[in-house]
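Next up: a single chain in structure tokens, the form predicted on its own.
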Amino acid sequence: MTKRLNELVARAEMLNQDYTLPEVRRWKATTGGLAIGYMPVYVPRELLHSQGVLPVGIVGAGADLEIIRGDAYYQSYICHLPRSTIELGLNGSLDCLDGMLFPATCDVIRNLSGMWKMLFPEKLSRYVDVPQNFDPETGGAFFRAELEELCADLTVRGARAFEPDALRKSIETYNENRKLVRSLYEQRLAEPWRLPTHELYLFLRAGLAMPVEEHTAMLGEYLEETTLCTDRVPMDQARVVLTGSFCEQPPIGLIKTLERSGCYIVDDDFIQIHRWIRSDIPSDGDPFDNLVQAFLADSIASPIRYIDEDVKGQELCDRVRHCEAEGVLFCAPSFCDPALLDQPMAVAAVEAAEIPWTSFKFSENSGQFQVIREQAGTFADSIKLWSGR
């Protein structure tokens, strides 16, 4: 690794380990602007950015936080993320946020939005609903109204008033960021040994809590440095697609464990906000309509997104073929209804396509990975020895 690459990775690690949001606090002290948190998976960050608001992705605190009060607000049979988010809110780690947005992912996150309103009545708390009908005249009109209401709420809270040109510029800014994320995924697909997934994951997470312009610069520099790194060599590992971890994010130790078990992760579902929109959003014309159309027609397949006439699991099979992957790892958060209810249909699709697969579950605070390492290692060995792939 080059010296600069080491420095970049160290900074990304620091940003991931400090859940008190130091970059957000620095930005607020410098600009005086609003910082609005959001839960995974998708919110219209371009709209917030255009009004001078810093969007801040909240993905819990992993194993670094002891959950005490958070467990009092939720049952033990739901995912870990809402409990750690409540704990972060009550212990002051999220005090720098002026509000929270809760996208339509599941009943737990919907309930968390109401909980936030009760616990922090002085701050903005908004449930961001999304269309289930993809007809532009129906679902499109609904989603545009939702965006316009969000825009008005932000203005009341002190954000800049909406300006079409500002939103067009913000769309271009996020297009540049998405383009670099795509480039990194393409680089990893071509040379997974040169750009390991645990590093890429760190940089994706780091971008949740810093200005997008700074994140874009960081990604560009990281991409350049990985091409200069000559001491990473190919190994005889199985190429796999990892799917299922779309909301609660796995601990970095789990990603390292999978790589050490003999797997090259060549595609994944991590930090989906960066890839929710597949391609560039047009910046000319009506920017509200462009955001709506991108969500309706150019967003990824996900357990939380209605897929209309498409077949569940088909997109996953297409990804496996595109990546020339040799198998699929289903990696779902424990007690995650959308992921675990979706999984049987996805499994049926990959089995019909004769794609090897295995599955396991995790939570963001998982600390022991030996069983998963053995399972993933056995899976990788079986692919190499007996699948003929």
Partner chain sequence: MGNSPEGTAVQKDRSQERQKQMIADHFTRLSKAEDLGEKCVYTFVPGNLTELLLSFDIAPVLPEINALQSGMRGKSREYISTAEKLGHSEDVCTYVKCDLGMMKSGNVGPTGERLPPPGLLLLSYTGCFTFLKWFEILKQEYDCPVSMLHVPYQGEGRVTDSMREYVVKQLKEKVIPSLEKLTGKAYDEDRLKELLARSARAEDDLVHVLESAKHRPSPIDAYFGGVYYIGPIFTAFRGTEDAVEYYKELRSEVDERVRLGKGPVTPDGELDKERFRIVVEGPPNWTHFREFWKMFSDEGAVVVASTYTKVGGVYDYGFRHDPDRPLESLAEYCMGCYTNLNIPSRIQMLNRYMKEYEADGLLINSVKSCNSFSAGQLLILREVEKATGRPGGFVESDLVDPRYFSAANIKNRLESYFQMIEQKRGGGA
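Numbering follows the first chain given and starts at 1. Note that the coordinates shown come from a computational prediction; the quantities given were computed from them, not determined experimentally.
The protein also exists as the form predicted together with the partner chain; that form is not presented, and the subsequent description refers to it.
Chemist: Hey, in the predicted bound form, does residue 312 get a heavy atom within 4.5 angstroms of the partner chain?
Modeler: Result yes; residue 312 sits at the interface with the partner chain in the predicted bound form.
Chemist: Is residue 138 close enough to the partner chain in the predicted bound form to count, meaning some heavy atom within 4.5 Å?
Modeler: Looking in the predicted bound form, residue contacts with the partner chain include residue 138, since a heavy atom lies within 4.5 Å.
Chemist: Heavy atom to heavy atom, is residue 114 within 4.5 Å of the partner chain in the predicted bound form?
Modeler: Yes, residue 114 sits close enough to the partner chain in the predicted bound form that at least one of its heavy atoms falls within 4.5 Å.
Chemist: Within a 4.5 Å heavy atom cut-off, is residue 207 in contact with the partner chain in the predicted bound form?
Modeler: Outside the cut-off, so no.
Chemist: Spell it out for me: taking the partner chain in the predicted bound form, does every residue among 278, 323 and 386 have a heavy atom no farther than 4.5 Å from it?
Modeler: So, no: the whole triplet misses the partner chain.
Chemist: Among 75-83, 285-293, 188-196, 223-231, mark the stretch whose residues have heavy atoms within 4.5 Å of the partner chain in the predicted bound form.
Modeler: Heavy atoms within 4.5 Å of the partner chain in the predicted bound form occur in 75-83.
Chemist: Note which of 307, 217, 152, 297 lies within 4.5 Å of the partner chain in the predicted bound form, where distance is taken over heavy atoms; exactly one does.
Modeler: Looking at the other structure, the residue within range turns out to be 307.
Chemist: Which residue among 212, 180, 301, 130 has a heavy atom within 4.5 angstroms of the partner chain in the predicted bound form?
Modeler: Contact with the partner chain in the predicted bound form is made by 130 alone.
Chemist: What residues, if any, in 310-349 have a non-hydrogen atom within 4.5 angstroms of the partner chain in the predicted bound form?
Modeler: Those in contact are 310, 312, 334, 335, 337, 338, 340, 341, 342, 344, 345.
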